[in-house]
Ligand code: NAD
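A single chain, nothing else alongside it, follows as structure tokens in the form predicted on its own.
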């Protein structure tokens, strides 16, 4: 068995190793998953299994949270919350139904439409919320009756492997298996002949490769990819009332969240007031290692992403931007970057056009609503967006013009098990959560009985 290093982002040092799944091992895992695919023929068995899995994850919170915090970098309190949310998502999936729809019942015949499991699901998760996003995939996949082979990011494998062990104890063998490794393992999984569905959360570039890999075998796939979410502040907004939510909509998890605010548009008349309010919060937020007292933000998770954020900020500064606060790494070991508020940038600068996925936020003025809607929509991304103002009807009208899979009014990042989540354009294919997400893990079968 070969292994690979796992780095503590708070120090930049290796603190553990994870097993690297071989091609032969993956074949064995896929064969076991394929053999177990009839595990949930009884609907009540699926529901009971998910309830048991949710309970087991919550019971393991004190074990999972420190492991997650150490390898991901997020504060321990945030890691504990992620574990609890993972359990909540699993439990919510147990409450979803798979109804039979009667579409004909007359003298000629009886017809109903049912949903059936697809078979083996290959699930691939990222490093920013490794456990929660695993729960987003495991819950509906198991509720629909599939089996799952799950691969976490090589930057955060340990907590997901442990999550798998916790869940495996309450399920039949082969139903859920976690394998760890790098990009090569992901490519093997997506091309594997026994896989009938791919569920992936990660970068646009990798998502495109997965879609191409799925094509020869016509595998179903759900891709939740990047975002460049715009937050539009209207001219009737109360800056003092919204600054806190706007700040955390951008900086939660140190900005490492696909549906977080990536750019803010504000009327010229409110620009300076909003910049000052956001900068004040950025200066006051407590940044540190996961186990430091009262820490609110941790480091960037890995060196490649740390270098990317630093490069985007440096590029913005070179193009005339001003770092009102932050603008550089913190002077300490690890991948810490100061929370950064940027002004003096616009479209055409990389940090506006691309997804930074880190603690750096450009704030830009605008003059008219038509102008700002156009600017918000001129992007290859379309995950989510938000509009902020005191006249909620007007804000809702503006929000309806944003070209994204999710829009918020006076909020950003309210994600719930019952709300569908997915993007348009380069932000993804398909949706997760709710009955819409559940249906993506199943196929329709029309059943017709003639009456002679």
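Given the structure is predicted, the values throughout are model-derived calculations rather than measurements. Positions refer to the first chain, counted from 1.
Below, we refer to the form predicted together with ligand NAD, which is not included among the displayed structures.
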*Would you point out which of 288-296, 359-367, 315-323, 128-136 contains residues with a non-hydrogen atom within 4.5 Å of ligand NAD in the model of the complex?*
128-136
*Within 4.5 Å of ligand NAD in the model of the complex, heavy atoms considered, which of 152, 339, 140, 73?*
152
*asked:* Just to confirm, with a 4.5 Å cut-off on non-hydrogen atoms, which of 209, 281, 310, 375 contacts ligand NAD in the model of the complex?
replied: 209
*May I ask you to state whether residue 200 is within 4.5 Å of ligand NAD in the model of the complex, using heavy atom distances?*
yes
*Report whether the minimum heavy atom distance between residue 225 and ligand NAD in the model of the complex is within 4.5 Å.*
yes
_Distance check, residue 91 to ligand NAD in the model of the complex, heavy atom within 4.5 Å_ = no
*4.5 Å heavy atom contact, residue 124 and ligand NAD in the model of the complex*: yes
_Within 364-388, the residues that have a heavy atom no more than 4.5 Å from ligand NAD in the model of the complex_ = 383
